[in-house]
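Here's a solo chain for you in C-alpha cells, the form predicted alone.
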Amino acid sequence: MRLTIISTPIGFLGSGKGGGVELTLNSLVSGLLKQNHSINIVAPNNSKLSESCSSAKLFTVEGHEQNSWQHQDYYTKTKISGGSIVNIMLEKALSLMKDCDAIINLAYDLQPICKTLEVDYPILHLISMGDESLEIRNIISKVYSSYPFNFAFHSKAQAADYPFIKEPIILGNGFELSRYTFQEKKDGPLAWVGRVAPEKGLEDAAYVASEIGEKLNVWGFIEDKDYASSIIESYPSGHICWKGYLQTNELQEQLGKCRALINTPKWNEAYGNVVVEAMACGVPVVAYKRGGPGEIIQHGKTGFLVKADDKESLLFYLKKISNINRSKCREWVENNASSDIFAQKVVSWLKRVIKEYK
C-alpha cells in the first residue's frame, strides 16, 4: 500500500516533546517498510526519522506549534488558525491523496478527525491519549457514528475512556527490538523515564527511592520546569540524577543497566511505551495499575502492579524486584510488541477500513 502518516503537532520528531507518539511513528514506519509498503510522513520542520525509516519520504512543514491537550482545561475550545501546524500538516497530507491509499493520523487534534466527514477518502486515526478534551471527545463520537472502523486505540483501558466505542480496535504498540539490547543486571540503579510533567507522577518515584536510601535516575524531556524544580527542592541535592532526553540507542544502553523501572502515572496512560522499552532491555517494572501498563505487566512475572497512587505498595514490591527473571521481560516484548507485530495489526486495520470506501 501507499500510505501517508500525519505526525504529532507537539514538537518536531526527535525533540522529545511528542512523547510516545514519536516512538510509535518510527516503529510503525519501520515495520511497514519491511512489508514493502510505501510511506510518506508529514511532520513539523526539523523532524528527523530513525535510521530504519530512511526509505520513507519525509515532508516537513512550518506553522504555529500546538499546546498539548493534557495541559489545557478539559472544556477548552479550539481556536482554529490558518497558521496552525496541525492544519498545515493536514493540508499537506491531503495534497498527497491522489497517490496514496489512505492517511493514518497520529495527531490527537480536532481538524484531522473532522476532515473524515468531509472527504470520501480513508483517514484513519490512531488515538494517542485518553479523554483529555470534551471537544475532541465529541468529534470522535460524531465521526464514529458514521465511520466506526476509522478509530483505533493502544489499550482497552484507553478505549474505555470513550464509552460510545462499542467494539474498540486495539493495536497495542510496537518497538524495533534490534535497537534494544537485553542486559542481565540485577544490582543496578533505579530508573524513571518519561516527560517530566505532573501527569507522569515523578514525585512518587522520588519518594520511593528516598525511602530505601537510593538515588533515582531520571531520563526524559523536562516539559514543566516549575514541576521539576518543586521535586528537586523536596529532596537533598543529588537524590535525583537528571539524565536528560536521549535518543533510543543511548537511552536503552543506560536503562538496561538498571535493576528496575518505577512507573507512576497520575493519568490514564494510553499504553506505556517506557514500560515496554525497559522490558525490552530486561528491566522489570513496578507500576501503578492505571491505563495501559495494567495490560502490559504480568504481575509477579515481568514486574509488579500496585493500586494507583499507593506509594507504600510500590515500595513493598520494589524490594521484591530481584525475584523477577529478566529474560521473561524481553520474551514478553518479543511475543507481543515488536514493530513487525504492530505493523501487521495496523495493516489488518487498514485493509478493513479501505474496503469500506470501495
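Nothing here was measured: the structure is a model prediction, and the numbers come from that model. Residue numbers here begin at 1 and follow the sequence given.
What comes next is about the form predicted together with a small molecule, which is not displayed.
Contact with the small molecule in the model of the complex, judged by any heavy atom within 4.5 Å, is made by just one of Ile222, Ile165, Leu94, Leu246: Leu246. With the partner omitted here, the residue from Ile240, Val193, Cys281, Leu190 that has a non-hydrogen atom within 4.5 angstroms of the small molecule in the model of the complex is Val193. Every residue in the set Leu23, Lys200 and Gly272 has a non-hydrogen atom no more than 4.5 Å from the small molecule in the model of the complex. The closest non-hydrogen atom of Trp267 lies within 4.5 Å of the small molecule in the model of the complex.
The closest heavy atom approach of Ala152 to the small molecule in the model of the complex falls outside 4.5 Å.
Contact check for Gly11: no non-hydrogen atom falls within 4.5 Å of the small molecule in the model of the complex.
By the criterion of a heavy atom within 4.5 Å, Glu277 is counted among the residues contacting the small molecule in the model of the complex. Stretch-level contact check against the small molecule in the model of the complex with heavy atoms at 4.5 Å: of 104-112, 246-254, 117-125, 144-152, the positive one is 246-254.
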